[in-house]
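Just the one chain here, the form predicted alone, laid out as structure tokens.
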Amino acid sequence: MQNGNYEDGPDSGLATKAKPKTKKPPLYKVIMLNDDYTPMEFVVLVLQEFFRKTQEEATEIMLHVHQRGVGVCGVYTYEIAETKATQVMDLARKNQHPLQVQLEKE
């Protein structure tokens, strides 16, 4: 303290820490594969329920998968992508559909 005023110089006693650089976790795409047996309505339902897509978005993705063979459902951290893929596959099996999804690092 000098003359009742606080100094901000190098010896002011203020501790400044350099922020550690946080690395963003890698992201993974959940990819849906086309098959000739899973009903389109089921695919739309899955996209709405597990990937929070609107009816319109889900229909668009479903048609893309149908026409091109594959499509991206969403992009997430590994744990979330893996959980969503497992949930989709479990529901598909319970409903006796051969629907397949896989993860791909972005």
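All values reported here derive from a predicted model rather than from experimental measurement. Heads up: residue numbers just count along the shown sequence, starting at 1.
Just so you know, the form predicted together with a small molecule exists too; it's not on screen, but the next bit is about it.
In the predicted complex, at least one heavy atom of His66 sits within 4.5 Å of a heavy atom of the small molecule. Among residues of the shown chain, Val30 is not one whose heavy atoms approach the small molecule to within 4.5 Å in the predicted complex. Proximity of Met40 to the small molecule in the predicted complex: non-hydrogen atoms within 4.5 Å are present. Put simply, Asp35 is close to the small molecule in the predicted complex: some heavy atom of it is within 4.5 Å.
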